[in-house]
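Quick heads-up: it's one chain on its own, the form predicted on its own, in structure tokens.
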Amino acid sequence: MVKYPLELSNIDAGYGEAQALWGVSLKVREGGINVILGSNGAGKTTTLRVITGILKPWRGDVKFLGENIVNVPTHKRVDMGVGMVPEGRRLWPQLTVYETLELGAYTKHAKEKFEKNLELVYTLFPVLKERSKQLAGTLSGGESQMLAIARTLMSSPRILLMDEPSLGLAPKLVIEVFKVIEKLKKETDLTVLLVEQNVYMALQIADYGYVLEHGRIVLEGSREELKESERIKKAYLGL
């Protein structure tokens, strides 16, 4: 039986008087890689802001582990297990790799699991262990993305939200980052919700996906179904 730790129902949201989402509903499948695909400005980041509590929806429900969390503040959502890897990585360049990981474990629950989570991220990303004393600002693009993911893993998330992890990376590093996401699925029991413009790469690793256009869900399906969609082929894959 498929379980859905995160569900959005009929979400309307926006900024000021400008509406960005119209009736967005989706279910995130447990233990897999779920993707939200769409071009720039489609509403993908706005959807993540609603999930994390940064943006309160005008209408609709957000349920996490069966609980409606629309009125739950962002820091409490983190404690519940909602972890976010932000677009652009957002690292503090003057902090070391180790200090950055310490910063990720700021909740009481995460502090109790600090050593266990540190062992996990060093196993997943051996290069971070090698560079633990190196300043975050001196890392390569791929290493920076690994550190951003690792920082979020230090908060002991139940679900990992990732906003455009391939953004601004060279093609070789994009492949590296997607291999990292696949590794997360294989070696942890985390549920991943990935937001991506790189539709081709996202569909190589996704289990299930949604397509957002102009703030509305226009398509959903398994990886195979989306790959075979004429709409996807024409609009995003150039076929």
Partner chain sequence: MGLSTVVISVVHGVLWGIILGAASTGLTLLWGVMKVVNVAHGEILLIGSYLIVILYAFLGLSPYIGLLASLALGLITGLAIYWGMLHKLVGKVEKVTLKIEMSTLLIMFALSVALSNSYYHFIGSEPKGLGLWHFGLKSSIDIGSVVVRTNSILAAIVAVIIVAALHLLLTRTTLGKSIRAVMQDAQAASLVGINPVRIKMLTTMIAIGVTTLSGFLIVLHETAIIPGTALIYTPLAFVIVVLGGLGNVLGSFIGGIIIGLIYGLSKAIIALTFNPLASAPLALSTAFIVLILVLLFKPEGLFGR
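The structure displayed is predicted, hence computed values, not measured ones. Positions refer to the first chain, counted from 1.
Quick note: we don't show the form predicted in complex with its partner chain, though the next part is all about it.
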| said: Just checking whether residue 75 would be counted as a contact of its partner chain in the model of the complex - the rule being heavy atoms within 4.5 angstroms. | reply: yes
| query | Would residue 165 sit within 4.5 Å of its partner chain in the model of the complex, counting heavy atoms only? | reply | no
| query | Though only this chain appears here, would residue 27 touch its partner chain in the model of the complex if you measure heavy atom gaps against 4.5 Å? | reply | no
| task | Although its partner chain is absent from this view, report whether residue 49 comes within 4.5 Å of it in the model of the complex, heavy atoms only. | result | yes
| field | Partner-proximal stretch of 139-147, 126-134, 79-87, 112-120 relative to its partner chain in the model of the complex, 4.5 angstroms, heavy atom | value | 79-87
| query | Quick check: do 54, 94 and 104 each get a heavy atom within 4.5 Å of its partner chain in the model of the complex? | reply | yes
